[in-house]
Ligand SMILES: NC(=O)c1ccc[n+]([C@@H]2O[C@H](COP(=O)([O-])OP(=O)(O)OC[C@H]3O[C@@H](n4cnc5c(N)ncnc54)[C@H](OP(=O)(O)O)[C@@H]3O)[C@@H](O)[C@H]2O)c1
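One chain follows as structure tokens, the form predicted alone.
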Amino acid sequence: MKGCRAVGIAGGAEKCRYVVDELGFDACIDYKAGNLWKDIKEATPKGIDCLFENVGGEIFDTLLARMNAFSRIALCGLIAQYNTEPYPMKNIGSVLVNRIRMQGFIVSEHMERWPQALKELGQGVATGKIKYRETVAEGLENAPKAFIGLLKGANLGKQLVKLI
């Protein structure tokens, strides 16, 4: 849509370069750089209208403070909170004040759409319209290390374990 900006949030300079240079986002914020609020504010000068949230924690809380009135949030995950105590949200009041529409979803609730989605996604990958990366760990013995790395953001793209 004309006038819209796509902003990604990634952990590390390499991931941010990939998001901008390869995936075509307008900007990418390195949440590990230590300037989260400043960088988000700079990347979203007009605020945020739509948020696809799958991280949670401090990043989500900071993004809530940049949401515009009548904005929307699709909540599909909270990975930052899966192995820690719940994050004490400071900016949850933004949902009320800005009349934000937030809805969680689980992909398995829509299995009747799966065949069509697979077809469209497959075509997107085949034509290069959809780009992806994978980080592959070799052997089942490396699965625990790969999983811990996934939770720490060590992977680039989907984390897989190849059983040899």
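Here the rigid core means the biggest group of C-alpha atoms that line up within 1.5 Å when the two forms are laid on top of each other. Numbers follow the displayed sequence, beginning with 1. Because the structure is predicted, anything quoted here is derived from the model rather than measured.
Although it is not shown, the form predicted in complex with the ligand is what the next lines describe.
Pick from M111, V125, I106, V97: which has a non-hydrogen atom within 4.5 Å of the ligand in the model of the complex?
After the contact test, the surviving option is I106.
Quick check: do G11, K15 and L78 each get a heavy atom within 4.5 Å of the ligand in the model of the complex?
Every residue of the spot touches the ligand in the model of the complex.
Which of these stretches, 130 to 138, 30 to 38, 116 to 124, 63 to 71, has heavy atoms within 4.5 Å of the ligand in the model of the complex?
So the stretch in question is 30 to 38.
Consider I59 of the chain shown here, and say whether it contacts the ligand in the model of the complex, taking contact as heavy atoms within 4.5 Å.
Because a heavy atom of I59 falls inside 4.5 Å of the ligand in the model of the complex, the answer is yes.
Indicate whether N54 is a 4.5 Å heavy atom neighbour of the ligand in the model of the complex.
Output for N54 is yes: heavy atoms within 4.5 Å of the ligand.
Is it the case that L23, even though its partner is missing from this view, gets within 4.5 Å of the ligand in the model of the complex, heavy atoms only?
No, L23 is distant from the partner.
Determine whether any heavy atom of A143 comes within 4.5 Å of a heavy atom of the ligand in the model of the complex, and answer yes or no.
No.
After fitting the rigid core, is the C-alpha of A13 off by 2 Å or more between this form and the one not shown?
Moves: no, less than 2 Å.
Core superposition between this form and the one not shown, C-alpha change of F25 at least 2 Å
No, the C-alpha position differs by under 2 Å between this form and the one not shown.
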